[in-house]
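As a starting point, one isolated chain is supplied in structure tokens, in the form predicted on its own.
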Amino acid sequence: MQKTIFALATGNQIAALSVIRVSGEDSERILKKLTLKNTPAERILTLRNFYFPDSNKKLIDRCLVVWMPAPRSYTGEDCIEIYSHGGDAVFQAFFSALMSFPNVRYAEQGEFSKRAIINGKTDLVKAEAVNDLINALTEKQRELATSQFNRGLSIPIMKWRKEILRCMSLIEANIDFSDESDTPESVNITHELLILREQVKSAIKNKDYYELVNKGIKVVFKGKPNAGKSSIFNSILKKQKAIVSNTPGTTRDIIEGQINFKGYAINFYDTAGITKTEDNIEREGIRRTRKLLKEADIILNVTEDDNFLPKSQSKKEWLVLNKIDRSKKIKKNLRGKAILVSAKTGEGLEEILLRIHKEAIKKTKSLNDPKNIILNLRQAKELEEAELNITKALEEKSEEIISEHLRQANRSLERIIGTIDVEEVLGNIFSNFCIGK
């Protein structure tokens, strides 16, 4: 028998209300025992006194509760939700009372959603979208999460699985009835598989959008020591995160900070100045900087020398001329080729942010197209595996081996929505969920 689980579904801080979620076949017995009353009408908030079990009516709290019998609950099991007064002492009292019941334990991270998938109440794509919605910090992250929930991968996955299973059934039928005189020597499903592969490949192309929005656009500062990278970094973040000094080489490790600008998450990275050095620690910082520059979406190449103009720059690298407050004259040939800023006065910093925002919109414009399927890295990896097996099926002659490749492609699709390998796949994914979900 699976144990009944419970958890605090709201935060641990002091608040007007806390929600305690209970799920499992002992839920109704627990509710009756704690309230000393019959089960209330289902799915209706009801006011009840809650008592410590076997305590001669020692009151825990007087609060609202809702009873949701299976299967009409989030998990598909018998559930209760207790809307108690907020605060740690109240929850600790409920914790003690609930733990006194046999076969009851505190929930693991994401276990309510895990049970919902196992019981067919949702699928893994939607569960991941709900978790993204809970963790959303920006408007774009919220929009992406709601889009994933309403029109994510679940619908096309079902369609692709249906097509794979149809192709497999044709092959299997042909193998099973190969002795019949009217059975063809082989089944031609090439056209169907080519269309299917193109649809899967089209979805895979969108894998970077999820990371751009959910993790944030990656902006890395580059430049010689003492060019003012740390000063600009601190000014944009409005925090003294990086140590600023006149001594070159002060920044030796990568320092990260994030802001929310016009609905987009922007990650800034202050890095070690790139120069020749014999200092082993500084050299390691430079090595890490070079690695991060390869991963960057945007590179801000900072200089304080108005005579400096790089001979060539990649499209993602922008020249930033710092300390313009020191010079009354700025060479005309730099205007339009560099962003002119002063970390000291703040001049030009808004232009940097506006240009990054414009680039973020450009990079994520396809998110607004309802035809596009957006997927996270886990989903993309499984789709790539599915595409590989479809390609192998197209290259194969033996119907038995074609069928096996299609079976493997179907398994990859099933792992995306969580219909197979439940304990192995879901256990890893839900370790990042909050406890009450």
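Numbers follow the displayed sequence, beginning with 1. Since this is a predicted model, take the numbers as computed values, not measurements.
FYI, the form predicted in complex with a small molecule isn't displayed, but the following is about it.
Do residue 225 and the small molecule share at least one heavy atom pair within 4.5 Å in the model of the complex? Looking in the model of the complex, residue contacts with the small molecule include residue 225, since a heavy atom lies within 4.5 Å.
Does residue 138 make contact with the small molecule in the model of the complex, using a 4.5 Å heavy atom cut-off? Residue 138: no, not in contact with the small molecule in the model of the complex.
Residue 326, heavy atom within 4.5 angstroms of the small molecule in the model of the complex: Because a heavy atom of residue 326 falls inside 4.5 Å of the small molecule in the model of the complex, the answer is yes.
Contact with the small molecule in the model of the complex for residue 151, defined as at least one heavy atom pair within 4.5 Å: yes or no? Residue-level check for residue 151: no, no contact with the small molecule.
Which residue among 75, 289, 214, 342 has a heavy atom within 4.5 angstroms of the small molecule in the model of the complex? Answer to the contact question: 342.
Within 4.5 Å, heavy atoms only, which of 84, 301, 122, 231 is in contact with the small molecule in the model of the complex? None of the others qualify; the residue that does is 231.
Heavy atom contact within 4.5 Å of the small molecule in the model of the complex, the stretch among 342-350, 90-98, 122-130, 194-202: Heavy-atom contact with the partner occurs in 342-350.
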